[in-house]
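Take a look at this one chain, the form predicted on its own, written out in structure tokens.
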Amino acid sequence: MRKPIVFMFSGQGSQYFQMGRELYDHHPRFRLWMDHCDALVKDATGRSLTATLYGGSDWTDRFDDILLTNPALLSIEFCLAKLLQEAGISPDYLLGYSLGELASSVVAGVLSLEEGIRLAVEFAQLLTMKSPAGGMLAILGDEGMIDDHPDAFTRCSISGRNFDTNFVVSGLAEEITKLQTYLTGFGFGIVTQRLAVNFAFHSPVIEPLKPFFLQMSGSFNYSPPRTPMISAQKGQEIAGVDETHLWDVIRQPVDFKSTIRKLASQQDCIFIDIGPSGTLSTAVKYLLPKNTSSIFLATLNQFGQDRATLEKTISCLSGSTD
């Protein structure tokens, strides 16, 4: 029996300069779709997404201007989903992680691509105007370390659970800096990574934005999804998307760990990471039980070889789509 195919859409923090560059230069269909997205982003922001994203050659600069990273993530993930669908690979489920739920909503037909990009941009403008500077810190270690260092974590809150030894916290920018300094110093040597995000998503820091967000996002028309959607914030399949759900998605913690474990316990699946960095497929690797028949695949990663990675995934799935 064919395994269900799960398209997984990553959120803020998975983006980087030059993401998808090799496909943009050499894959005509990817370039076509990205240029289409670029025109929509330009209408919404007055700025060219592709000129910014592919204008230089440095992959290491921090790409954290949310007025472009929000629509950039949506655009990249939409284009990758289109390439897989055009290759005959159709998802049985769309699984969104944080902002990835906006991309999955577009692929599901809840919002048009134009509406999705406009919502991503208007949300970014709202954050820029109304939210204090924040940050997010990925921590390699067991969540139980919070009990061992309660004073260090007191002004930060858990914003994401990825797998047993990887979780994310959010807070005001200066509090995240203090926490990172504490964890990496004092002989603890705990590995951390500051995400390329300047806001404290999934934390009480953004709570004051709620009425503004609901008013802004409430002006969009949300259609029923054409493909079943799973929310990594709810941990289960959802009936639909509206402004209230989207607020929960950005305000409440993400529990990717429980979501994947629950899904994998019900059936063997083919998990495909539609994000640019392969972070979700890496997390799935650590979450699947032993002796599982589920598999995980990426479509891009931060280390280049975009075409080879995409072609490997498509080749692996040939014969799995009947």
Partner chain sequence: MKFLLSSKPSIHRRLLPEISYYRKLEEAGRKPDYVAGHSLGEYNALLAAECFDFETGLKLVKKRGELMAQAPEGRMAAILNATKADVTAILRDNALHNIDVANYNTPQQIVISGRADEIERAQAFFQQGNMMYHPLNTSGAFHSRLMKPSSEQFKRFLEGFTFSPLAIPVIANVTARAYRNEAVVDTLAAQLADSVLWCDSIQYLMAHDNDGEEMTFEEIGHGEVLTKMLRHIPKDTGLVIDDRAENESRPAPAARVQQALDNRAPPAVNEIVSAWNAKYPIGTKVRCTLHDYDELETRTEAIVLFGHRAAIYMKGYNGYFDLNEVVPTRA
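Residue numbers count along the first chain shown, from 1. Everything numeric here is computed off the predicted structure, so don't read it as measured data.
Another form exists, predicted together with the partner chain; not displayed. Remarks below refer to it.
Asker: At 4.5 Å between heavy atoms, is Lys178 in contact with the partner chain in the predicted complex?
Answerer: Outside the cut-off, so no.
Asker: Using a 4.5 angstroms cut-off on non-hydrogen atoms, would Pro211 count as touching the partner chain in the predicted complex?
Answerer: No, no contact at 4.5 Å.
Asker: Report whether the minimum heavy atom distance between Asp43 and the partner chain in the predicted complex is within 4.5 Å.
Answerer: Yes, contact at 4.5 Å.
Asker: So in the predicted complex, does any heavy atom of Leu119 sit within 4.5 Å of the partner chain?
Answerer: Heavy-atom contact with the partner chain at 4.5 Å: absent for Leu119.
Asker: Just one of Val110, Leu94, Ile139, Leu80 has a heavy atom within 4.5 angstroms of the partner chain in the predicted complex, so which one?
Answerer: So the residue touching the partner chain in the predicted complex, by this definition, is Val110.
Asker: Check each of Thr184, Gln215, Gln193, Ser223 and return the one that places a heavy atom within 4.5 angstroms of the partner chain in the predicted complex.
Answerer: It is Ser223.
Asker: Heavy atoms within 4.5 Å of the partner chain in the predicted complex: which stretch in 287 to 295, 62 to 70, 266 to 274, 27 to 35 meets that?
Answerer: That would be 27 to 35.
Asker: Check each residue of 277 to 306 against the partner chain in the predicted complex and list those with a heavy atom within 4.5 Å, in sequence order.
Answerer: Heavy-atom contacts to the partner chain in the predicted complex: nothing from 277 to 306.
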